[in-house]
Every structure is written in C-alpha cells, then in structure tokens.
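Quick setup: the structure tokens below cover two forms of a single protein chain, split into structure 1 and structure 2.
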Structure 1
C-alpha cells in the first residue's frame, strides 16, 4: 500500500515535472552535441524512427532512448497532475481557469501521441521522375507524371511550378491531380510531394510519405493553443 502511495505521490508532484524537464534538457543538449557530427543521422527520416533507433549503435542514440523514456514518465506525470487538479479544484467558480491548463496538458499529450504514432508507422520514399514515368504506389495502383511545368525568371530562379499526375488502377486511369508548392496530392493515405525539381531536362524528385501522427499533432496543437490563449486572457482579466 505504501509503495502505491509513494508511486502516486511521485507522479502527482510538480517537483517530478521539474526534474523530468531538467533531465530532458540535459539529454537533448547531449544530443545537440552528438547529432551534427554523426552521419548516421542523415538516414533518420528514411524509416520509422523506432525502427531506425534499433538499427543504430547505442553510443550515438542513448540520448534519444533516454528522452523517449523520460517523455513516457512525463506523460504519466502530466495525466496524474491534470486529474488531481480537476478533482481538487472542481468546486471553483472560474472553471475556465481550472480547465485551461488541463487543455494545454491534453494538447501536449496529443502531440506526444502524434510523435509516437509517426515514430512507429511513418513511411517515406523518394524517386526521380520525368514526364511519362510511372511509379508503383501500392500493389494495384500506379502514379504517372503527366506534365511538369516550371516557370523561371530571367536570372534562372524558379518562381513557380506545377506537376500534373495521374493515378492508374489495374492499368486504368481513375484520378488526375496537380501538385504545386505547398499543395501536395493526397491519395490512399499517402502524401505525394515534389521535393526538388530540375529544369533541364525537366525532372522532379517525388516524395511519397505517410505520417500517421499528423492529425493528432494538429489536434494537439489546436488544443494547446486554445488552452494557453484562454489562460493568458483569464490572467489579464483577473489583473484588471
């Protein structure tokens, strides 16, 4: 019983939060020293991060493993503190003041979940393609680059571009789409972007990616901001 109480107190403590954040900072600072000097980090986005981590030597990834461990404890700590706060202060009149820090915490947890999902199941592949080239994106679907339009200024700087693509299923066209800057093509759970272009001869570096955590990250970001803006607004109101 005493052990359960000690564990509960540990997770309910603000001191735990501060120590965890402090250790997180120390680990990330170590990572900031290690990362730029190691070529292995160039491939960090080529496979899901958890898969990448398992393949890399521990002497360059220990800080990332440590950060994941600390973030897991921090997630539990956040959850415990939020629940305790809601239970303890449920009778306060200014419920927005009570709820806004918890909205921030939920947003933070959503963002952590997003990173976890992406670290476990993201996908990324690139391929160079010219007009007419075809790329297989699933067992029965193929993407064809229909046209590449690149606009340049007199000095040779690319000012705009558009890439027309077609999706074919079992050899038959079922959709046409256009990729432009900041406007990817989204099909079958994949994001199709143009990562780079070459004007002469015209070719594109296509990137096919999937980010399972993207929606959670967006939801988390919106919740986090809603909470923080509500908190600031309330504090300003109270000071008046």
Structure 2
C-alpha cells in the first residue's frame, strides 16, 4: 500500500510536472547540439520517427528516447492531476471555471496522442508521374494519374492546372478524385498534392503523405485554445 501511495503522490505532484519540464528542456538543448553534426538526422522526416529511431545508433538518439519517456510520464501526471482537480472541486458552483483547465489538459493529451500516432504510422514520399503512370501507395492500393490539364498564357506561364487521379484495388477502379491548387486529394487517409509540374511534356511531381495523428492534433488544438480562452474570459469577468 505504501508503494502505491508513493506512486500516486508522485503523479499527483505539481513538483513532478516542473521537474519533468526541466528535464525535457535539458534534453531538447542536448538535441539542438547533437542534431546539426549528424547526417543521420537528414532522413528523420522520410520515415515514421519510431521506425527511424530503431535503426539509428543510441549515442545520437538517446535524447529522443529520453524525451519520449518523459512525455509519457508527463501525460500520466497530467491525467492524474486533472482527475484530482475534478474530485476536489466538484462542489464548485462555477463549473466552467472548474472544467476549463481540464479542457486544456485534454487538448494537451490529444496533441501528444497525435504525435505518437504519426511517429508510429506516418508516411511521406514524392514521385514524378505522367498521364497513365501508376504508383503504389499501400499494400493493396494503387494510384493512377488519369489526366493532367495545364493552362498557360501566351508567354508560356502556367495560369491554372488540374490533375485527375484514380484509386485502384486489386486492379479495379473504386474511387476517382481531382487535385487542383490548394485542393489536394485526401482519400484513404492519404494527402496527395502536386509539388511541381511541367507543361512540355506534361508531368507532375506528386507528394504522397499520411498523418494518422492529424485529426487528433486538430481536436487537441481546438480544445487547448477553447480552454485557454474560456479561462481568460472567466478570470476577467471575476476581476470586474
């Protein structure tokens, strides 16, 4: 029982939060010194981070592993403190004032979850394609460039463009989409957009990426900002 009590007190302590943030700052400073001098970090964005970490030597990635561990403990610490706050202040009449900090905490946890999901399953690649070319985007799906429509002015400058694409599974068409300026294709969890194009002969440079944590990051950001704005508004109202 004493061990459980000590563990609970550790995660409920604000001092724990401050120490964790202090250690995180130290690790980030160490990373800022290590990263510029190591060529291995040039490929960190080309594969999921957790997959990249497993293939790199520990003497240059120890600070990243440490950061992941500290963030995990910080997430548990945040959850414990939020629950304790709700339990202790459940009789407060201004429930919005009570819940606002917890909304901020939930937003923070969602953002951490988003980064974890992206670190485990993100994907990014680029490929040059012409009309009719096919690109494999997953084990069971293929992307085909159906058409490339490029409009140019009399001086040869591109004024508008559209790229029609098709998604195939097992050789069968099951979905069509169109990529245009500021309008990527967001199907099957992928984000496919045109990074560059060439009018003669017509070809496009496609960027294919997948961020499984994007929705969670958006939800976390909205909750985080909502909690902060609500807390500021309530504090200002109380001070009047």
Partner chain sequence: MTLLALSLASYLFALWKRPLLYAGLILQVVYIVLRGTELGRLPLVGPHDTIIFLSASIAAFSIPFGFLLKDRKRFFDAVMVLTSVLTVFVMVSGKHNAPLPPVLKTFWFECHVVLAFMSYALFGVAAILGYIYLSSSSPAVTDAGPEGEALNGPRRDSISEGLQYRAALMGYCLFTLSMIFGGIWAYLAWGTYWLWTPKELWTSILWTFYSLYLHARLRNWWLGRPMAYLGIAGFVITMFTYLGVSLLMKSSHSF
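None of these values were measured; they are calculated from a predicted model. Positions refer to the first chain, counted from 1. Each form is matched to the other, and the largest set of C-alpha atoms that superpose within 1.5 Å is called the rigid core.
- Of the two forms shown, structure 2 is the one predicted alone.
- Assigning each C-alpha to the better-fitting of the two rigid parts between the two structures places residue 196 and residue 152 together.
- Treated as two rigid parts, the chain shows its smaller part rotated by 22° relative to the larger one between the two structures, based on C-alpha superpositions.
- At residue 135, the distance the Cα travels between the two structures is 2.9 Å after the core is superposed.
- Summarising the core-aligned comparison between the two structures, the C-alpha atom of residue 148 is found to shift 6.2 Å.
- Fit the two forms on the rigid core and the C-alpha of residue 157 turns out 10.0 Å off between the two structures.
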